[in-house]
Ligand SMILES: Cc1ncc(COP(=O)(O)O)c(C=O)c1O
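A single chain, nothing else alongside it, follows as structure tokens in the form predicted alone.
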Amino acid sequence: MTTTHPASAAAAADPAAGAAVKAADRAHVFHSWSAQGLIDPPAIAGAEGSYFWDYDGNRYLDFSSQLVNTNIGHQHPKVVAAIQEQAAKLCTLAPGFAVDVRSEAARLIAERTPGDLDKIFFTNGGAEAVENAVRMARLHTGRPKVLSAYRSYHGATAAAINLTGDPRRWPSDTASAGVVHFWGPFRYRSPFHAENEAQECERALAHLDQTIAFEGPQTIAAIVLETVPGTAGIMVPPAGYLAGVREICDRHGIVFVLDEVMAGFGRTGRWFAAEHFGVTPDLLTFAKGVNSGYVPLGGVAISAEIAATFDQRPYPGGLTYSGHPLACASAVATINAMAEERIVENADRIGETVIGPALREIAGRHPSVGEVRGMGVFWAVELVKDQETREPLVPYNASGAANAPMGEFAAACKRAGLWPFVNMNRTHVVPPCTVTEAEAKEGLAALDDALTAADAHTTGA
């Protein structure tokens, strides 16, 4: 496995250049999910491996993998070289042509997807992948409704944002998009009053079955689930749950869609998280880790049955940049590097022997830690005011002063040179799949120290 050791960021510090970059950003860039007048985006000068740095010489260990997508780390030389070589050969070509690098990317992906998901429809990212999976399911079944979980994120395009379960949906929710939400399993905050994982699984499946019965099975085209929900909290489903959903879908002729945009390509210590659960969906969406975000790319892996629906009937969807040669070249190089350097196995080992054990030890030292959970390099630390009542450290969807405890925790991480992934009352431990044991321990030590800021807000502190 390739590891990198970036030179000191301080040696390349250039505050004046950083100030110019930031000034241009604030003058012209409109940022996503933000009140434009309230943000102060850091100006980043460079990145390598598990680190990135700013123009002031501050270097950060990237425990966020940016948006949980740089699975092979920053600036992997094999992927950079592949993009350069493809640019010199053929930069772009319309999706209606057969292109060697597009075909190879599809082959490598299909080789790793479960079951017979052997046809690949390429998109520019995860939201478009979900959008097209829903369209395929509706056309295949002739039914209008789609079910998804409340604790979920599926993207920000029209159908994907309505499928999403977290508050980012609210401003765009039309309540007429044919989406019905239900509760998925989450033992720590169980809506089913379950006493153990088996009971949580059983009751969650019964709830889904009842929801389908009341909505009318004949009206439901698809159930869309993140195999392991990501931004919503990295809640690993209990044994038997996904298999139970598969059985429900089969019973009612419903298309089962697994969203592996965040969980796929090594993040959970497997090529796809579905491998952990022995389940094959009808459609599988991917993006992010397929090429670590080096060039925008996503897609849908399609079962033989659904692909056959469009053998003689045109599929009414497409994108100008579907299967873009530069994106596909980066995917080919990424997948080959992950195989050659055993990066998926590294993610599994680091999670099993370093991150998991360390987080459980950290939980025992901090009253602010309610639960740790995860697999591979995909972990969540649930922060609470009171371990007994499980009251979250900050209220659901808190902002402003109400979110101050999480802000203080994040600031403590950054002062220690750790860039965290923080969402609501959680911090997620999601370094690149290439993270070394030493880097993981460095980040976990910084996290351990930063949690004292959260501890100060616990009951009785």
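Note that residue numbering begins at 1 and tracks the sequence as displayed. Since this is a predicted model, take the numbers as computed values, not measurements.
What comes next is about the form predicted together with the named molecule, which is not displayed.
Taking a 4.5 Å heavy atom cutoff to the named molecule in the predicted bound form, the contact residue among 185, 126, 323, 266 is 126.
Note on the partner interface in the predicted bound form: the residue among 381, 300, 257, 262 having a heavy atom within 4.5 angstroms of the named molecule is 262. When the named molecule is considered in the predicted bound form, residue 282 lies well away from it, no heavy atom lying within 4.5 Å.
Contact annotation for residue 162: none of its heavy atoms lies within 4.5 Å of the named molecule in the predicted bound form.
Using a 4.5 angstroms limit between non-hydrogen atoms, residue 121 is distant from the named molecule in the predicted bound form.
Contact between residue 231 and the named molecule in the predicted bound form is found at the 4.5 Å heavy atom cutoff. Residues of just one listed stretch (190 to 198, 300 to 308, 233 to 241, 150 to 158) have heavy atoms within 4.5 Å of the named molecule in the predicted bound form: 150 to 158.
Contact annotation for 202 to 229: a single residue, 226, has a non-hydrogen atom within 4.5 angstroms of the named molecule in the predicted bound form.
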